[in-house]
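The chain that follows stands alone, in the form predicted on its own, written as structure tokens.
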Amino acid sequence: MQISCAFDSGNISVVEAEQASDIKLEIVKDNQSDFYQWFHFKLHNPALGEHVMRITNAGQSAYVEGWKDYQAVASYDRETWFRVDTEFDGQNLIIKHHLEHASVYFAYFAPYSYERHQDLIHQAQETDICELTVLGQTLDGRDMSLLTIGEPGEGKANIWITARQHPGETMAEWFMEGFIERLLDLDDGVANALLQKAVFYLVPNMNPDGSVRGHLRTNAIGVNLNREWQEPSMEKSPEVYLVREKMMQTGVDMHLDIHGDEALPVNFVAGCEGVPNYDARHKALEDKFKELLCAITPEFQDEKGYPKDEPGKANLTVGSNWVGNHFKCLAYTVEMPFKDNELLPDVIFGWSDARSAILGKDTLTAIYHVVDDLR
């Protein structure tokens, strides 16, 4: 029996693996950080049969409430990720699976590899309406890549969508893949109509270093990028610094920052009601966008979510808060579940990569219905 994580976004440490019925593992912390929750590893055992894996440090992970009613994902072909029996006893996350083939992968959520990221942005640039720009490099020397879709012009809205500031939230880049696929579809009337009125600036992966390293929440040196927006630096957070500098050049009329939430089993958004520049227009835009998403897809809801910030009390180091306040624009953090969506449960796949991509496509329709109100 072999257990390994020496691959893109791999994360696990083997404590004991002598018996298939009692495999003990630990999740490794993000580099220079105490955050940990993301896991991704391969189990190989020609003996097949029932295997029981205990992640023994789950009880001290970043978001312990995330393990309640959670089911890990597994895949034999690294394409189809299905849910497997999982329980949490307060300390151990216990994953049980009967091997059907010798080699199987397990992960916190369907991984989105750096190679797939490269495929996504380079295939997008082949269309006439998309330009791929390298804003600069990360601390590990990877590109910070921006896709600009549409032609800038007088009166057009500048719409920014960023994703995966927290690298373990892979559903965010699956969302972006669906969004980009639809936006580049020349036969899609919504996409074509939007591109007459807006230019899209898309960053599918804000944290490529953390993604490859198998981090949950931070970049190469343990910095949480979604707490860097007020004063980013090239020394600590070049990812945010470079994107923010470009935003200052283009202006921003709408910003969506795409994330995943460990605990809540629903899709929701978090707004800017607590920023100093929040006003009646801001509230009207937020309300309209939420109502539209509720009408467009039953995957979205607005009853469960984060507590709203009190007026003037918002944390301006958070991406959507800083952008919404600085540019006085519609800015939301979009959250998807690691668990299933309790509104439309799926016992086989739960909330999945495919459903994340479809939500990305549906979000394009909501943007279409608010674009005239953005300028």
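This structure is a prediction, so every number in the text was calculated from the model and none was measured. Numbering starts at 1 and runs along the sequence shown.
If you look for the form predicted in complex with a further copy of the same chain, you will not find it shown, but the lines that follow are about it.
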Exercise for review: Considering only heavy atoms, tell me if G141 and a further copy of the same chain come within 4.5 Å of each other in the model of the complex.
Suggested key: yes
**Study point:** Touches a further copy of the same chain in the model of the complex: E303 (any heavy atom, 4.5 Å)
**Key:** no
Check your understanding: Quick one: is N224 in contact with a further copy of the same chain in the model of the complex, heavy atoms, 4.5 Å cut-off?
Key -> no
Check your understanding: Is there a non-hydrogen atom of V347 within 4.5 angstroms of a non-hydrogen atom of a further copy of the same chain in the model of the complex?
Key -> no
**Study point:** Partner-proximal stretch of 96 to 104, 280 to 288, 164 to 172, 250 to 258 relative to a further copy of the same chain in the model of the complex, 4.5 angstroms, heavy atom
**Key:** 96 to 104
Review point. So which of R54, K42, K29, K328 gets a non-hydrogen atom within 4.5 Å of a further copy of the same chain in the model of the complex?
Key: K42
Check your understanding: Would V199, Y241 and D340 all count as contacting a further copy of the same chain in the model of the complex, using a 4.5 Å heavy atom cut-off?
Key -> no
Review point. Going by a further copy of the same chain in the model of the complex, which residues of 51 to 79 come within 4.5 Å of it through any heavy atom?
Key: Y76, D77, R78, E79
